[in-house]
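Below you will find one chain, with nothing else, as structure tokens; this is the form predicted alone, and questions on how it binds or moves follow later.
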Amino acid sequence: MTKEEVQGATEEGQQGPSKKGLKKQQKEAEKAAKKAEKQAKLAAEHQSTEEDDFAKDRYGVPAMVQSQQKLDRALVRVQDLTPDKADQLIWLRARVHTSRAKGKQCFLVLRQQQFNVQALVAVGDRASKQMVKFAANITKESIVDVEASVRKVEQKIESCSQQDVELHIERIFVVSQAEPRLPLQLEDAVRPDGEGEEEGRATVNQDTKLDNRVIDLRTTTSQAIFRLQSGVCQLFRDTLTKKGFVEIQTPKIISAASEGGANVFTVSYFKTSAYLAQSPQLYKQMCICADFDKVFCVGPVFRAEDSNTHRHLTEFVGLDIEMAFSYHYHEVIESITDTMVQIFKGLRDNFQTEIQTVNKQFPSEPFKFLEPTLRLEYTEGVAMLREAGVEMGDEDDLSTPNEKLLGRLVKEKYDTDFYVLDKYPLAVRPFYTMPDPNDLKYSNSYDMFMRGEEILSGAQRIHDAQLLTERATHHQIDLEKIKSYIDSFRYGAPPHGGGGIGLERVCMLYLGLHNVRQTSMFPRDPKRLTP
């Protein structure tokens, strides 16, 4: 380095850093100042939060409820929040359905089963800024206790079931916190199929719903379906009890296939095998032979059918009826159809809210029925189908498409969704079905249909041990396996008949749904064993 170069470099060092260097230093200084300012602000805020949060006792996450104390505090139901309660201060426990923070206030929708109400937390003399922030951060589906004032609203709140009031929250405590990430969004799960696609919004497929059934059952649609289903069971029991029927309980673990068929689940039973009952058939009939006269039962039925269709389950709830009759099996048909009509009327008159809720997501025509119920003979049904171009023999069973077509033809001609098809060919019915005395090709048996799908299969049963043995032999059934069944008719048995109804199917068809899994709380089919 020459003398001049050294001098130049020294001068440059004395002049200080370059423009670029200065800029960088300035930026760093600004950044440090901002950081210090932010920290000072946060510290000040934290200090003022500690000092100024006058509402700190009005919100939070209290200790887990472990039955530590009995509070003398009445909780109001969301469905009871009407203008009558205006200006009252109430306590309420509900789920946070949605929340939306906006400036110094936070709007919440609080949900309880199929009912919901709008609630508001706003900065004021009851709620601090921190309380609003706390409310806004409560995760969806968390359960909260709120104390709130009920206020009438000028304009109806269309998005809530309680449209005429809103709640002004004064206290809010989280009783049970939901995880931030939900497996499915409730609003997506109740969106009608077509609507989501058009607007590019999500809908939830059936398997996702069933895999996360606990969340799916919280939706307004699911709540309505299973409340209506409970109504079907209640109406079934009440109607039959009034008719003098006795409710019975029958075993589900049995020593031989109840209907002599192969579609049974085998279970190990100590050193031997047993089967899960396909129907309470044998036991219903034994009760008739034991002079109970009219019986019914509500219980699980198991079918080991590898049917992956919209209407088959491997376990479903059977509503079963059996009764002795005086002279003609039509007495049984009339008793069952009247029971069904009472159920339809009870649903129509007492479950409109549920029906309308389901209709929002799954629109369908109202269910139609006649009084007395339409009864067609099998030959009339076959004639109607042939007229519509279907080729079938006199003794052929109805295929599922033909059942549906006949349902449409009956609806067009008679304007009913519910009817009975009587006098089925003997060849397509089980061995215990009583043959028609006037034409041995046919039998004293019947099916009942809702919206063109079978919901009940029934018949007059053979109550004579000799004839029963002959029919079982004709069907090539091992007599040893059904010995106890045949023996129960050797000591005097009244003429009797009955039928079995599938609860889930009745609910599906009444509501016009398209899959029986929607009306089974935790469905079992060949591909699903959980949850």
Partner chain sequence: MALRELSSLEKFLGLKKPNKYSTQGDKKVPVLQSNNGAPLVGLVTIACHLVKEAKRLELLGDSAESRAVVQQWLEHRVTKLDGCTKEEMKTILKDLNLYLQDKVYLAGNQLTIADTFMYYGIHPLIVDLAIQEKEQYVNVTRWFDHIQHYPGIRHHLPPVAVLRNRIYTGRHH
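Numbering follows the first chain given and starts at 1. Computed from a predicted structure; not experimentally measured.
Absent from the display: the form predicted in complex with the partner chain. The rest refers to it.
For the candidate set 194, 83, 393, 389, a heavy atom within 4.5 Å of the partner chain in the predicted complex is found for exactly one residue, namely 389. Distance criterion of 4.5 Å from any heavy atom to the partner chain in the predicted complex singles out 363 from the list 103, 244, 251, 363. A residue is said to contact a partner when one of its heavy atoms sits within 4.5 Å of a partner heavy atom; residue 156 fails this definition for the partner chain in the predicted complex, lying far away.
Mapping the unseen interface onto this chain, residue 514 counts among the residues with a heavy atom inside 4.5 Å of the partner chain in the predicted complex. Under a 4.5 angstroms non-hydrogen atom cutoff, the partner chain in the predicted complex lacks residue 441 among its neighbouring residues. Taking non-hydrogen atoms only, residue 408 approaches the partner chain to within 4.5 angstroms in the predicted complex. The candidate stretches are 400-408, 297-305, 264-272, 210-218, and the one lying within 4.5 Å of the partner chain in the predicted complex by heavy atoms is 400-408.
Annotation for 411-428: the only interface residue with the partner chain in the predicted complex is 412 [heavy atom within 4.5 Å].
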